[in-house]
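Next comes just one chain, in structure tokens: the form predicted on its own.
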Amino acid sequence: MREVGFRGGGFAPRNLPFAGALTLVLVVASWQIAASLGWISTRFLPAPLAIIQALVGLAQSGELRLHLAASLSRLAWGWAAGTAAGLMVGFALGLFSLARTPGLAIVSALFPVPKIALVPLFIVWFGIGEGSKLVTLGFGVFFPTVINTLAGVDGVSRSLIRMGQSFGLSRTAILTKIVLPGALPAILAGFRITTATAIILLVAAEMIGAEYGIGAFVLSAGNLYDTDALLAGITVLSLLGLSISWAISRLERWLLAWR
């Protein structure tokens, strides 16, 4: 009799970090080769080496540190405020019937509104300083966090909740030991969306009335047709996004180790 091999190993994709890094290296190397051979006009798309030289110059002059510090501060405060508010509202909608229908009506009405379009209105309300920028980020982060948190709470198996109730667990214990762990995968997936959204809104907000920040730097470089500096700023934003994505992956590995 022939032995039948194991058939249950499918649909379990694994992360291959080296493959991702190799892909980026190949793309950048191909870009550099194409620019060196004249296949790409460096007047409109500078070669990677020119962008690296621009980044080194910005770092040595201290300009990069000023812009990056301003952007990171706004990103951290705006994202944290929007996330905290979104988590509270999302759990309220998922757990309380009185909050669910009215809250969903408001979220459904405001979520499709482009947040970038509200930047001028926030400037009128909160001024051209830091207030309008932080509100823009927080407002943009708030709604995706609410929706992902609500989806995570709704996705928790009700049989597990009833089992906890049958064993006499308190409401607090059910929330912390059953509902929260069950909703965490959706919440953390939402973090990837909200951090990317926050970076986009950060750049848009900084392009309107900011002296320092990556968005203000990119706008200034574009106005001067300094494509090397322009793409250097975009590279910083890309590296910022990659760093945040890596941090969220580590957070998922730590918080979801039970899976």
Partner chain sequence: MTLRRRALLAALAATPFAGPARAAAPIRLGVLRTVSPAPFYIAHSRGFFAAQGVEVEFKFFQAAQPIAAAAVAGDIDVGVTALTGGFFALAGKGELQVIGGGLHETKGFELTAVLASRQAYDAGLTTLDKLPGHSFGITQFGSSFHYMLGQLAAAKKFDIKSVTLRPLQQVPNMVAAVRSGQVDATMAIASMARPLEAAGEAKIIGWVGDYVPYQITALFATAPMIATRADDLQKFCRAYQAGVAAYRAAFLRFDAAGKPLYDAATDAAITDITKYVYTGDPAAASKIKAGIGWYDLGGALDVADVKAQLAWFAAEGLVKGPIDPDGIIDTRFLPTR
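All of these numbers come straight from a predicted model, not from anything done at the bench. Positions refer to the first chain, counted from 1.
One more form of this protein exists, namely the form predicted in complex with its partner chain; it is left out here, but the text below deals with it.
Contact with its partner chain in the predicted complex, defined as any heavy atom within 4.5 Å, is confined among 138 to 146, 84 to 92, 100 to 108, 120 to 128 to 120 to 128. Listed residues Leu219, Leu55, Ala70, Ile200 were compared with its partner chain in the predicted complex; Leu219 is the one with a heavy atom within 4.5 Å. Only one of Ile208, Leu64, Leu231, Ala50 lies close to its partner chain in the predicted complex, with a heavy atom inside 4.5 Å, and it is Ile208. Its partner chain is not shown here, but in the predicted complex it comes within 4.5 Å of a heavy atom of Thr227.
Contact annotation: Asn223 falls within 4.5 Å of its partner chain in the predicted complex, judged by heavy atom distances. Among residues of the shown chain, Trp39 is not one whose heavy atoms approach its partner chain to within 4.5 Å in the predicted complex. Scanning 44 to 70 for heavy atoms within 4.5 Å of its partner chain in the predicted complex gives just one residue, Phe44.
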